[in-house]
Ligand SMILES: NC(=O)C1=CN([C@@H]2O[C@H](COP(=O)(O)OP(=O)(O)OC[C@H]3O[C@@H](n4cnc5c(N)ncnc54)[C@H](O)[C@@H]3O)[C@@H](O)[C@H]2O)[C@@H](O)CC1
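Presented as C-alpha cells, the chain that follows is alone, the form predicted alone.
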C-alpha cells in the first residue's frame, strides 16, 4: 500500500511542477493587471454597498418565520447537519491587500478585519484557566517533533490557556524538552490511541490534526478515528500536513462536516483537487478551483496557502495579501494551524452577533493568515535570510498586539 501511495505521490508531484511552471509564466501578466483590477473592484464594491440596504429589506419579507421552515439553513452553532447541501448564489470575492501604512476609503474592506478583533475575548481577572481555549494537537512521530511543538506553542502564545499534544512514544520526550508549557500525551502509536484521545475530547475546544503526523498506516488510522470522534462531539477540526494526505486518500472522513478547516499548500491543494474532482488544477482560475473543491467536500472551509492566502467555504472567497516576506522556512504552516485552532474556537464562541452573521471559520482563518504573515514580516526584518519558524514564534505577541489590540 505504501509503495502505491509513493507512486501516486511522485506522479502528483510531477503534475504539480508542470502546473507551477505554467503558473509562474502567467504570474507576471497577472501582476500587470492587478492594479487596474483592484481599482475596478473597489468601484464595483461601492455600487454593491449602495444597494445592500434595499436588498436586505426585500429578502427579509420572504424569510420564513416558522422555525421548521428554516431548518435547512446553514448553521455553525450547536445545531448542524453533516449532509446538508445548500443552493449557492454566485460567489463573492473580497480582496484586501493589507499594509500598515495605507488607509482605505471603502469601509467594507476593513470590516472582515474588524470581525477578527470582535471575536477576541477580553482579558479579565474573573476568568479561570481553560476558558480562553484548550487546544489539542494530534501529530508528532520519531522523525517529526518540531511541527507539533510549533503548532502547540503558537496556540498558547495567541492566547489559549492549555495546549495538549497527542504524539507517539518516541516523540513525547523530545517535545517535552522543547517546552514545559505543553501537556504531552505519548499515545498516538498505541492500539487504544483513539480511545485514549477520546477521553480528552470533552475538555478540548478544538483539535489540529496532522503536524508531524507521518504517513505510517497505524498513525493515519488513529488520526482518522480521532477525527470521527471529534465530529461526534462537534469540535472544530483544523487539518494540516499529513492530515491532508489522509483526506486526499479518504475524503469521506471530513466531507460535509461544517466545522472542518483544511490548510493545504499548493502541492497539497493539487492532490486534494485531483482526488475530489478528477481534473488538474486550472492555474488561470484559482478562485474557481477553490470554490469547487470546497463545494465538493461539502462546503468545508479551505485555506489555500501561497503568495496570497485564498480562503473559501464554497460560497465566497477571501484573499489575504497581508505583507510577509520572501523567506519560506519550514514550520510556518504549523504556526498558522495552531493559531487557527484558537481563533476557530473564539469565533464559534463569539456567536453570529460578533461575526456579523459571517461564517465564523472564514473570520478565524483570515485572522490566522494575517497573524502568520505579520509574524513572518517582523521576524524577517530582524533576521533576514537566517529567519526560522522559531524566530516567528517570538514575534507572535507583538504581531497580535499590532494587528488586533491597538
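Given the structure is predicted, the values throughout are model-derived calculations rather than measurements. Numbering follows the first chain given and starts at 1.
Missing here is the form predicted together with the ligand; even so, the following discussion is about that form.
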property	result
Contact stretch among 205 to 213, 129 to 137, 249 to 257, 221 to 229 - heavy atom within 4.5 Å of the ligand in the model of the complex	205 to 213
is_contact(residue 160, the ligand) in the model of the complex, heavy atom dist at most 4.5 Å	no
Contact test in the model of the complex: residue 147 vs the ligand, heavy atoms, 4.5 Å	yes
Residue contact check: residue 330 to the ligand in the model of the complex, 4.5 Å heavy atom	yes
Distance check, residue 284 to the ligand in the model of the complex, heavy atom within 4.5 Å	no
Sole residue of 179, 118, 265, 111 within 4.5 Å of the ligand in the model of the complex, by heavy atom	265
The single option of 292, 164, 271, 316 touching the ligand in the model of the complex, heavy atom within 4.5 Å	271
Residues in 224 to 245 with any heavy atom within 4.5 Å of the ligand in the model of the complex	241, 242
